[in-house]
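This document opens with one chain alone, in structure tokens, the form predicted on its own.
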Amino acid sequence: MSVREEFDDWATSGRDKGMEERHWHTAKHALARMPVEPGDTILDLGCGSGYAGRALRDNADAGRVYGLDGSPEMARNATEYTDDPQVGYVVGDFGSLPFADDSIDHVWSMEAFYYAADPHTTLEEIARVLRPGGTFYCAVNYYEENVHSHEWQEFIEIEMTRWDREQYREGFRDAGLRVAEQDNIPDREITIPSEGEFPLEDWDTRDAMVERYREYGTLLTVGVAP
């Protein structure tokens, strides 16, 4: 199954809104760190329902926001959810971004980068479209150190890239991006039941659930274009 087919199915079944709700727990903290100035042009890579771009328009006074997704149905849903002429959505390939060199001030991606067919090419494309001093905020929950995410590949037919923290830093640097920061953003909003309620359907122990959400959370890597 292709990325398009997989996420077209997610969009038509309403799973895009579920992703938005879950991702928002940590995404809002990462978005708040972005150095967006009024009028800046933003690219939301793997935009899904488009929530991140709308938030940057509402809270950071971003200028033009482009949401790119590999799924036409995701882009269609995002368009329906958005009532802002400064936010638009396109269907595209992570490996060939439909934007001119030095045309984007900031790139955001939440839980999408690891779906890239060639992550190195995607990083090179991001570096190409970023203006000097522009940033790439890359947030993922599926990564090597988060052992609780490893099984996710079993439940999706698309091949996913599971890098560790150092591989993200190396990949950014190889593409010409300076790594400005890298840290974990814990999910402090998801409810974790008391010890006596375990095991749950998805969790055998409370310690494992605490580790997944409160410790590993979301890995954020920030790159800056020279």
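Bear in mind that the values here come from a model prediction, so they are computed numbers and not experimental data. One rule holds for the numbers: they count along the sequence shown, beginning at 1.
A second form of this protein, the form predicted in complex with another copy of the chain, is not displayed here; the remarks below concern that form.
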query	finding
Contacting member of E37, E157, E195, E189, with respect to another copy of the chain in the predicted bound form [4.5 Å, heavy atom]	E37
Contact label in the predicted bound form: V222 to another copy of the chain, heavy atom within 4.5 Å	yes
Another copy of the chain contact in the predicted bound form: L200, any heavy atom under 4.5 Å	no
In the predicted bound form, Q182 touching another copy of the chain (heavy atom, 4.5 Å)	yes
Non-hydrogen atom contact Y114 with another copy of the chain in the predicted bound form at 4.5 angstroms	no
In the predicted bound form, residues of 100-138 near another copy of the chain [heavy atom within 4.5 Å]	P132, G133, T135, Y137
